[in-house]
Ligand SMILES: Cc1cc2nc3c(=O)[nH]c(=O)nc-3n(C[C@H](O)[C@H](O)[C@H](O)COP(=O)(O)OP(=O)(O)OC[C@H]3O[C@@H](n4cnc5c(N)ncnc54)[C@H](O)[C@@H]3O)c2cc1C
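The chain below stands alone, shown as structure tokens; this is the form predicted alone.
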């Protein structure tokens, strides 16, 4: 009798897990995807949307046609509760049973943790959806038309997706320089990290010095070990008393995993991230796998201000492949592979140049560490974004790392 595999989420982790499961399992078993968003969004391109460098329509496409072409069943729904005892995921529109579950739901943004944070009920912008990026783009345009002001980019206490704030600081600086109005604007970057380039991973060796030099050359002020006290329409106040004018700000909040996983003993930690063993399977419920942001990964060491561990798109793609392999191995009595044995490859764009960072394994000490700067990495990131979207739309081979 065939098995039913349910994938929750259709971004990097869910999309790739579903395709790999179908490839590995053939047509004997059902692969079903339930996602709250029917559109795939290439999230790494959103800082370019904010800067007006990319058309928002070019970073999204519907997922259902690609799934349908691969005989993967798809439904749009919001999952509100997972019951691993009953092997069910409960959505607003239905109940979805499973033999195996892949949790790839991404994150929930914890704007409520800080007074005044967020674009909907607060006074800061965000960059995790196309809607948020367009709101930030329009606000930035209005400030540039005004002719002067303070631009704030930052990572709040507990934040884990730290790269976008770095990228935005440098990309916006490059835009201002290109327009010959750089001298009219103050750019301030703050982060919860103990030093630049920590990235929740203990650092990338010489990247700290490279970023310090880059920020100095670009005239970008920075604060480390920073915590936000509060945000108002007029100012962003950091703990310690510093008050920055809030003419325009984008702040990365801390994440939840997903509230649907909370309250189930042994399934998730208190913030809703799925607990998993070295094979990406939950120890108590071994038919539940987690990939990407949904996976709980402990920081390598404590920091003065809480810093989470990032899960980049590339890392998530690798996890999705490994989770699919291990589910197929469970079903077919094959050999499983260690899901947490992976490194990271990242291109941090700076508008007119970019930084390539690669580390293996993820945490130090490492067997390999690469950090380079060059305009060709900017071009590479542009090419990768276009190819990845073409892969999602037209079925081209997905990039592998």
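Numbering follows the first chain given and starts at 1. Everything numeric here is computed off the predicted structure, so don't read it as measured data.
Just so it is clear, the following notes concern the form predicted together with the named molecule, a form of the same protein that is not shown.
Using heavy atoms and a 4.5 Å limit, would one call residue 314 a contact residue for the named molecule in the predicted bound form? Yes, residue 314 sits close enough to the named molecule in the predicted bound form that at least one of its heavy atoms falls within 4.5 Å.
Report whether the minimum heavy atom distance between residue 78 and the named molecule in the predicted bound form is within 4.5 Å. Within the cut-off, so yes.
Quick one: is residue 30 in contact with the named molecule in the predicted bound form, heavy atoms, 4.5 Å cut-off? Residue 30: no contact with the named molecule in the predicted bound form.
With the partner left out of view, is residue 282 within 4.5 angstroms of the named molecule in the predicted bound form by any non-hydrogen atom? Result no; residue 282 lies far from the named molecule in the predicted bound form.
For the chain shown here without its partner, which stretch in 64-72, 362-370, 42-50, 329-337 has non-hydrogen atoms within 4.5 angstroms of the named molecule in the predicted bound form? This holds for exactly one stretch, 42-50.
Contact residue in the predicted bound form, from 197, 272, 164, 308 (heavy atom within 4.5 Å of the named molecule): Answer to the contact question: 164.
Quick check on this chain: which one of 34, 59, 357, 354 has a heavy atom within 4.5 Å of the named molecule in the predicted bound form? Flagged contact: 34.
Is the named molecule in the predicted bound form near all of 5, 95 and 289, within 4.5 Å of a heavy atom of each? Negative, none of the three is within 4.5 Å.
Could you list the residues in 59-73 that come within 4.5 Å of the named molecule in the predicted bound form, counting only heavy atoms and keeping sequence order? If the 4.5 Å heavy-atom criterion is applied to the named molecule in the predicted bound form, 59-73 yields nothing.
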